[in-house]
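Shown below, as structure tokens, is a lone chain in the form predicted alone; questions about how it binds or moves come after it.
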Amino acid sequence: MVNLTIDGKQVAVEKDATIYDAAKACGIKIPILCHDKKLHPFGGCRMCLVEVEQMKGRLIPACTTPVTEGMIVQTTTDEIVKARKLVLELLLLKHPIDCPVCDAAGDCDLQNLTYEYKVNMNRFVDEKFNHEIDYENPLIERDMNRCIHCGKCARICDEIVSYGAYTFINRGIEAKMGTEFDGPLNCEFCGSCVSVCPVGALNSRPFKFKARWWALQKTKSVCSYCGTGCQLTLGSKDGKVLTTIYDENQGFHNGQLCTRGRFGYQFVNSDKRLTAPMIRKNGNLQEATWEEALAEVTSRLSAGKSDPASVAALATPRLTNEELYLFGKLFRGTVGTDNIDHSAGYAHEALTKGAVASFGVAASPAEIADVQKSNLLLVVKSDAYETHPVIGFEINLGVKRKGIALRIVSDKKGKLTRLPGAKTTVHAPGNEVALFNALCKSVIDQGLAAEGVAGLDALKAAVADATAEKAGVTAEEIAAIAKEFASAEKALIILPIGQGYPGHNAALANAAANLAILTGQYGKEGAGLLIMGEKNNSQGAVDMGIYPKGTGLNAAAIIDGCANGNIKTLFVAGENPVVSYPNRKKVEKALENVEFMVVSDLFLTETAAMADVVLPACSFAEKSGTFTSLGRRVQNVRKAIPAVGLAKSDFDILNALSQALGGARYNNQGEVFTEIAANVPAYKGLTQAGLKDEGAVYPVALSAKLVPAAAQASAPVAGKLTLVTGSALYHCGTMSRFGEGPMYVCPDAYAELNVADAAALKVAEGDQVTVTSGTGAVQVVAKVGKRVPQGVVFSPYHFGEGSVNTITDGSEVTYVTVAKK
């Protein structure tokens, strides 16, 4: 530690701290414009000038000057204040004074500092800039006339997002923050640049002219898209969520959000929200009262209690833990059916079957913090950036700043592939298990297995014939990865799961876990297996037991039961099987056949439109409770706005049904959490109040075991391409379709082809193509590039029109033909 004195206060800080860090640690505020704690020090704005007794004669920037032992610092002498006023005058020389129409007014550091330092006149005069304002993209407005050249947009885009959309161009008085060829902004539109811009140069277009910052009500909550568990602050006014507010001190991610979290909140305010219950009468859904709708549902579920095998229920892992717990208690306890599931059934098997068999717990043995504590990351599919973008940022930071080695095994290349030192091994689609088996065999053959690993003989026998060729890669690649992984001090495997990845199931989790266990890479920080659930509360849904545990049917069997008439009553809470479950025609036919279906949802989805009763549900912004992230962090979700229309939370819906059916009744969701803490071992000792803003990571007691995993052969089919599905960066499930931001950037389904395949098919970027499989055909837009290897076509699964589940059946890969329309 280093000891120094700042404004008379003694403070001890880490030796790599700056004066700014030290001042902040003892509660002294130093003004900054170009500093952000996530970014490398820049020292460009000169607002943080301070005086150091040992360096008399000049003022130095606090944000770039490291502390030294015995340093004596003054932060607010007359000379310092005079210098800061001069800096502000110079910044205002070119800066337009257009606060009345600037959306950053009230959230502008330059405006605040000008006020604080009482700069009410300027000794300097010059013409203002007249840069053309960039309105060309739908999400970010760029007005470089307001730019103060702090460089934060360029630095965050380069250092954390790893896209590099901005750069300084020109020099001196003509310098400005530009883009590629000084054209319109063309990037991923994550909005990180907007979040750190200290003035109004970069603004969120969806928020433009919606409200002044000081009029917003601020509510800390958790993002409702993917399983990363990013904390966010919702800015709301007049019962609507109008924006998300950047807070660099929020969450493990220091306020960093992806495009969904920052620009995807509009689904809460969508005009398409359901605002009243509906009951099907004479073939049409008609508005009804809550009493009528709940009476109808209660009557059917009550009748189902005498034949519980005829009742089934599907829930989205977007519900809170309290709602999911109540969901399980209602259907498994009160109604008496074990036919409950979520996410199409297979999307959680890596946790519910794989992790349980390999580690003895239905959760990852690692947590998100391990990403930056590792020495080597082995990412299964480079889509980790697209499925969980903020974890992609964590990987970026680990690789760039800490020199963590990055190895990727995937069926296509991606953004992570381009990180410094990253090596991507592209394998044949669907061969992930075969690849991990080959890695395990190579570890054994190279004599790199950890000492005393239980079950080693059985694993040796199981992988005896595993070869690199069976995985579609070279023996040299396998040997190199195996050696690097086993030899690393700490190595972590990152595995995304979800409805877009039917092959990422229990067998793959076992195969990946085998590599970690075999090499001793688990049970310590920076090592193990991080299984990344797709939705915001995928881990919570597993923790609350929302899957069949006994003789009950999983989601696929429930759909089959609807088709064959064995399931007569189906309750669907937030799921949209018509678009997101494999084989759309089969699902539609099954749901048409079920006698009675009730759907609670925010929107009249493709599934809700087929229901007999539709119940309008609340969004995450309209309720409180908890979500559990993929890293096992349980976090508070807080109500920010009133319910839309007559919508009720799923807690209120399920609580009312439970009471009507003779089950438990709760006064509030907090009572349910107390019951969860008493009955779910991992949550023992937790309280909602105790979670505070940070949340709590629940511990896991590992019981590691090698579990041989059988690899399924996946050989190419002559004349056909191999279809793999997954997530698009801008979307998560089917809910993001109702967020304006994601739909501005990625509005339609598409098929991504290799340039060679596209040329052979005479398909160009933007052409309409027909993709045909054994289960159907779908027409989508073609994308052409080099990310996807020859012979492979990739398509995201989020869209209702051109839905890819029309041509998939739940297999790891699907063989298709592609033809220009």
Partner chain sequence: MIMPLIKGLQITISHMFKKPVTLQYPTERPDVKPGFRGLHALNVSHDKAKCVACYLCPTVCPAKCITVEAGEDQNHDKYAAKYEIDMLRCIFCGYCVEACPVDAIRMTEQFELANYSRADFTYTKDRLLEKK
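Numbering follows the first chain given and starts at 1. What you see is a predicted model, and the numbers here were worked out from it, not measured in a lab.
Below: the form predicted together with its partner chain, not depicted.
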* To do: Select from the listed residues V101, A713, A701, A461 the one whose heavy atoms reach within 4.5 Å of its partner chain in the predicted complex.
  => V101
* **The unique member of K176, K210, R280, R418 whose heavy atoms fall within 4.5 Å of its partner chain in the predicted complex** => K210
* To do: Report yes if any heavy atom of R401 sits within 4.5 Å of a heavy atom of its partner chain in the predicted complex; otherwise report no.
  => no
* Partner contact for H149 in the predicted complex: its partner chain, 4.5 angstroms, heavy atom -> no
* Asked: Within a 4.5 Å heavy atom cut-off, is K423 in contact with its partner chain in the predicted complex?
  -> no
* Asked: Does the 4.5 Å heavy atom contact test between K490 and its partner chain in the predicted complex come out positive?
  -> no
* Name the stretch: of 622 to 630, 226 to 234, 113 to 121, 202 to 210, exactly one has residues whose heavy atoms fall within 4.5 Å of its partner chain in the predicted complex. => 202 to 210
* **Interface residues of 105 to 135 toward its partner chain, as seen in the predicted complex [heavy atoms, 4.5 Å]** => Y135
